[in-house]
Every structure is written in structure tokens, then in C-alpha cells.
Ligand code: TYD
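A lone chain, given as C-alpha cells: the form predicted alone.
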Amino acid sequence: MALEDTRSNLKKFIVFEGLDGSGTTTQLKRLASRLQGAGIPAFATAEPTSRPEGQLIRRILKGELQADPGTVAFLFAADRHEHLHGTQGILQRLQQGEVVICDRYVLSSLAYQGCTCGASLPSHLNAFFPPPGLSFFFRIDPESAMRRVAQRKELEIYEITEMQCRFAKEYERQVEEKRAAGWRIETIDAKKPIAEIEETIFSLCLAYLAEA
């Protein structure tokens, strides 16, 4: 599929967005399992990916390598492009009839890199990536999110409350902007019990897929 042909919403492409510690990874696994259990082919993925570009990003986020924030923005865009267009990437799996669920996508770059290197570069780099058919924005206050993150063995360079406060404000702004542009985004209260969030997401996804 040509780049210029992918700017319309990608049906059956579902994205989870939110701060570190908001619970997107947990719910991604649960949704994939529920869909598969219901006989719906589903593939769970994440960004940064496990591809070479994504592995490089992860090393930077862990603090193993130093990189200018603009370089990180370019790397995320390169990883996302390959994630979409590469072999067994998002577009190919959608064409095969799978539902693709992704932990993080364009909104995370606009929020995170938008704060670290300025809005113009991430906006330019992500302008041609197609919108998901459905996004879930996991809303949580940064302090609660960081209390969850603090239980992990290792922290990444962005997992600091002060930075997460900036990212949270930018996430909110980007969500409203994209909604106004026609993106379908459901807001999830990420402080609710895990099982309750799972049921809400599963119900909304089934309703969406029945329409798609």
C-alpha cells in the first residue's frame, strides 16, 4: 500500500495511548486474549517495536545511549514507518483480516517528543501516518502513574513525575485536537479496577468491530 493511500482511518487498527504506568500494556494483552477467545483473529504489538529501529530507541530510553531529542523523534518515525509497511507489519496483518492492537502510536510521539524537542518536528514526521480506527486514551494523574512505575526494577529516562506532568498536558491537548479532526478516541479512567477496565474496553471494541 502506497504511503499516500494510508492517510484515511485504518479499520480494525486499535491503539492504546497513555502515560507510563497507565496500564496500556496490561490491557493490550487482555484485549488480545479476549478477542482471540471470541474467535476474532487479533495481533498485539507495541511501539517502540522489537525491530532494529525500536531496539535502538529502547536502549536510548533506558539511558544506555545518549541521543538528541530530535534524533529520538526521527527514530520513532522510522520505527513506525517500518512497523506499518514492513513484512508482517500493521498494514499486511490488516489486509490478512486480523485486528491489530498496538500499545502506543502517533499520539505518544506528539505528546512525548512534542515536549522534548518541540511540536514542529514530531508533527511533520507523523503527518502521513494513518489514523487508527479506534484509540483508547488511558487518563491518569502523573503522580499515580509514577507510583506504579516506581515498583519496576528499572526506570526509563522519561519516567520522572515532572516530565510526565508535561506529557499528560500535551496528551490531553493532542487527544482533543485529533478528536476534532475526526479521530475516534475513547477515554478510559485508568485508576479503575483492572477487570472493570478490561470489560469496558472489550465491550467498546466489539461494538466498534461490528461497525467496521
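Model, not experiment: these values are computed from the prediction. We number the residues from 1 along the sequence you see.
Just so it is clear, the following notes concern the form predicted together with the named molecule, a form of the same protein that is not shown.
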Is there a non-hydrogen atom of Arg139 within 4.5 angstroms of a non-hydrogen atom of the named molecule in the model of the complex?
-> no
Look up in the model of the complex whether Pro48 has a non-hydrogen atom within 4.5 angstroms of the named molecule, and give yes or no.
-> yes
Answer yes if any heavy atom of Glu170 is within 4.5 Å of a heavy atom of the named molecule in the model of the complex; otherwise answer no.
-> no
Find out whether any non-hydrogen atom of Arg58 is located within 4.5 angstroms of the named molecule in the model of the complex, and reply yes or no.
-> yes
Partner-proximal stretch of 158-166, 139-147, 27-35, 177-185 relative to the named molecule in the model of the complex, 4.5 angstroms, heavy atom = 158-166
The named molecule in the model of the complex reached by all of Asp20, Gln113 and Arg152, non-hydrogen atom within 4.5 Å | yes
Taking the named molecule as it sits in the model of the complex, which residues of 94-133 have a non-hydrogen atom within 4.5 Å of it? Please list them.
-> Arg104, Tyr105, Ser108, Ser109, Tyr112, Gln113
